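There is one chain below, alone, in structure tokens, taken in the form predicted on its own.
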Amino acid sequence: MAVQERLERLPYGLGRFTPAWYALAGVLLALVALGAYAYLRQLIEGLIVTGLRDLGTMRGAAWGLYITFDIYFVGVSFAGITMAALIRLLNLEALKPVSRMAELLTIIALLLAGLVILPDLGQPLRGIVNLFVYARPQSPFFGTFTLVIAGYLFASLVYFYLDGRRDAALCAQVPSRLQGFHRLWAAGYRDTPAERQRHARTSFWLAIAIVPLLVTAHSTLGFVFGLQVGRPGWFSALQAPGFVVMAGVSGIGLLLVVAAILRRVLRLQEELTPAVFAWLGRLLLLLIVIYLYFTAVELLTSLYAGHHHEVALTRALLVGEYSALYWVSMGSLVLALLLLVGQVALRAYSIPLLVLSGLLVNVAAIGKRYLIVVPSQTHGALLPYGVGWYAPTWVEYSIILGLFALGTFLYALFVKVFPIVEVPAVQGGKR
């Protein structure tokens, strides 16, 4: 379709802010304000207002809820841009309607991952300065910051910008309050054959570069834990692939939820057909099976051949202090697996059941991230320290809740200023 074909009006309700949207925005911004207040209290009083304590002599955990959700947010980002890249490389036409949704999910999740690190640093400005002064390129921490925050986020933003230029040019033809924004995004796009070819070529090579970058970035995050030989529960060859697979599980699960909400709110039944959700459900099923296999292998290894520190930590997960969270997480994964297997076997897909599966795997993902981070600090010391404990305070919960509210607000704002799915060639005045 040539850009010269004019739209009658902005599609998908762009620029039309309803009372319900303002009410949602008000609630979300109030939660963001609560998180900002909690962070201000932490900046003034220090990390003492959190449940974080030094390892060993203080019998605590130096990493807690902040690092748990840093891993979770980075994991959610994985499925988004991976989905978009694979759609481009493998020409998966059935999944194209969720491509931009997935890309936006990646960008917002990466922003939240970068923000949640700041309260964990205690004094973020000193930490950022020291990163440049004392950084060691051979450290997994260095790779995490450079690959995830710099390379990964930059590549995602470029891909997202190029993907939206055509739609921006179309929307810029419609007189509205957003016309200047759309013209800025379009940046003179004319939809000529040469321009389309250049965009396709650039996006293709970006997609090729992004996929190995994603795997490397998430593996590096796993290496932060997996290479610590003196920490039972972390030192494992399965940490890196486990991080990659669970990232896919949580990301696709959340994408299912987001797509279902937008389908209902924006009335995208024609674009987001049940076939789209069926594709996502099958991908989610495959990743859950792989992750459960990794979990079974780790449990067998630690219980059968692990030293007594490893065995003690595993028992704390299975029947000890962390058993309730462990079995809720595993039960959520298994229940999601059963729901998906049933639908695949019957070849009858239910969007509500697929959304429930997406919610369940994200509950499991958050629980498993917590169980990766905390128990190996409180119960996994090789030195003669006593068993520790960690309990997050209202400050930590408020900051995390505020970040979730910020991410939701940014997503809700974007869908009101830019098409969240590709504008079809023929409008017919429908939208």
Partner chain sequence: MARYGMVIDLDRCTGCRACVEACKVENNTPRGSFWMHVFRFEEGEFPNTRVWFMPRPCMHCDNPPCAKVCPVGARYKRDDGLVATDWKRCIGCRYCEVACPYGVNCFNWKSPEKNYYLDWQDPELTARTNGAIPPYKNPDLEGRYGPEQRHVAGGGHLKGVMEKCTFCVHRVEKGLSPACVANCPLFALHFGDLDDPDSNVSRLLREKRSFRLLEELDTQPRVHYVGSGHAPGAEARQIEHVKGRI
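Positions refer to the first chain, counted from 1. Only a predicted model underlies this, so the values are computations on that prediction, with no experimental measurement involved.
Omitted here: the form predicted together with the partner chain. The next part is about that form.
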Pick from 274, 127, 180, 331: which residue has any heavy atom within 4.5 angstroms of the partner chain in the predicted complex?
127
Within 4.5 Å of the partner chain in the predicted complex - does that hold for a heavy atom of every one of 26, 264 and 367?
no
May I ask you to check whether residue 231 falls inside a 4.5 Å heavy atom distance of the partner chain in the predicted complex?
yes
Is there a non-hydrogen atom of residue 37 within 4.5 angstroms of a non-hydrogen atom of the partner chain in the predicted complex?
no
If we define contact as a non-hydrogen atom of the residue within 4.5 angstroms of the partner, is residue 347 a contact of the partner chain in the predicted complex?
no
Counting only non-hydrogen atoms and a 4.5 angstroms cut-off, does residue 400 reach the partner chain in the predicted complex?
no
Going by heavy atoms within 4.5 Å, which of 90 to 98, 292 to 300, 131 to 139, 169 to 177 lines up against the partner chain in the predicted complex?
131 to 139
Check each residue of 363 to 383 against the partner chain in the predicted complex and list those with a heavy atom within 4.5 Å, in sequence order.
377, 382, 383
